[in-house]
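Below you'll find only one chain, the form predicted on its own, shown as structure tokens.
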Amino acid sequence: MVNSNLATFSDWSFNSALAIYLVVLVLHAAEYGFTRNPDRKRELVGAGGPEIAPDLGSTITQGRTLPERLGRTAVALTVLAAGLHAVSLLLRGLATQRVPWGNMYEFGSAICLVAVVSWLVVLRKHDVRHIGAFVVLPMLLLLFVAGKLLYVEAAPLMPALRSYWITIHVSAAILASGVFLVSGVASLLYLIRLPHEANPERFAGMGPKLPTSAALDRLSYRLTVFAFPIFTFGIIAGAIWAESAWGRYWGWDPKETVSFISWVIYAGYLHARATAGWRGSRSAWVNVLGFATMIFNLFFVNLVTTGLHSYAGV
């Protein structure tokens, strides 16, 4: 029995969070756009040039520049949106009396929530707030696809998913995928920043405002190190569930196959990151490839191919 009132409140919370995330994206984009080019500033100071004019927001009270005020507001709204986002999943679960990741809409929403929380945790440890637009954009796109194209009415779990393993296996996949999203964005930005450091004329518009390549590389590596064991556990848990449901641990179903490919790629990234000659852009490309396979697995395999996991698309 589905509680229609709670389901409606869940939808309202989701749509409200989506709207706030859009505002967050605009604020982060404005912060990035108004941030002064630090490389140019250092060049002028080093050459004994004229005194650098203050940023647009330097006259704002409390001594904070306009970009900083925009960025802080964006982070505050991100916390608010994440709260509403979490409430939407909680109400969805209460409305259906089950875990709130029983279909692609809920699964995609949960992944995006993990990505947002991961980003907020990153902000507590690293001074990378001004790249927030690059993190929020793919998350917002995925959330829009989940909410507007994959949405289904709240309903009980279909029989194939009525197992305690959905809590163990799918939650691990959600947690790993959300963290991998942030890691993949960090590696993409690294591939822009690194060439710029070698040749300032390359990516002259974006490169100077990004964190250093070392900081981005360290960030993507740490996130992957955190997510990879969880992803590994999720695959193992899925195999155990498969044996219980279908009588075999592994059958090279499309979902299983692409998940295994993703696991191999991420394992390769961690190995490459620790191997001389592969550190740098080579390992970053491996990490980006791993993220691409995760997105492919999430949408194409779930929604287009036919296999034992096809029910995940409902």
Partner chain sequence: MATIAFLRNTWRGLTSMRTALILLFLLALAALPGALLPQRLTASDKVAKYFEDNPNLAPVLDRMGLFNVFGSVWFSAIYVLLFISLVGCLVPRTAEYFKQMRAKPVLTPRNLARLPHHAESTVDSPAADVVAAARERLRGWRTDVRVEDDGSHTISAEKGFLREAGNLVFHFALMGMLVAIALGKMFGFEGQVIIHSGDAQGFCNSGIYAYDSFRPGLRVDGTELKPFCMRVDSFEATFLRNGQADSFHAKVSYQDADDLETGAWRQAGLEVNHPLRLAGGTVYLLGHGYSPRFTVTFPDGQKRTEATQWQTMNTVTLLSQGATKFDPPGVTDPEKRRTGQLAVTGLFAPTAAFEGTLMTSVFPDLRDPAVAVDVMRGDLGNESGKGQSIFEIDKSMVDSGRLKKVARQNLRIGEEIALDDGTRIRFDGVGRWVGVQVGYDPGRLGVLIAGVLVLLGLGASLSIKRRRVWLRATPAPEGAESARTVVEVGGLARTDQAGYGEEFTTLAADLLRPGKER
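Because the structure is predicted, anything quoted here is derived from the model rather than measured. Positions refer to the first chain, counted from 1.
This next part talks about the form predicted in complex with its partner chain, which is not shown.
Contacting member of Phe228, Trp119, Phe134, Trp101, with respect to its partner chain in the model of the complex [4.5 Å, heavy atom]: After the contact test, the surviving option is Phe228.
Heavy atom within 4.5 Å of its partner chain in the model of the complex - residue from Ile192, Leu140, Ile236, Leu150: Looking at Ile192, Leu140, Ile236, Leu150 one by one, just Ile236 meets the 4.5 Å heavy-atom criterion.
Non-hydrogen atom contact Phe107 with its partner chain in the model of the complex at 4.5 angstroms: Flag for Phe107 set to no.
Partner proximity in the model of the complex: Leu270 to its partner chain, non-hydrogen atom cutoff 4.5 Å: Judged by the heavy-atom cut-off of 4.5 Å, Leu270 is in contact with its partner chain in the model of the complex.
In the model of the complex, Glu243 touching its partner chain (heavy atom, 4.5 Å): Within the cut-off, so yes.
In the model of the complex, Leu80 touching its partner chain (heavy atom, 4.5 Å): Although its partner chain is absent here, Leu80 would stay clear of it in the model of the complex, with no heavy atoms inside 4.5 Å.
Contact segment among 202-210, 88-96, 178-186, 152-160, judged by heavy atoms lying within 4.5 Å of its partner chain in the model of the complex: After filtering at 4.5 Å, what remains is 152-160.
Its partner chain in the model of the complex - contacting residues of 275-291, heavy atom within 4.5 Å: Stretch hits, in order: Thr275, Ala276, Trp278, Val286.
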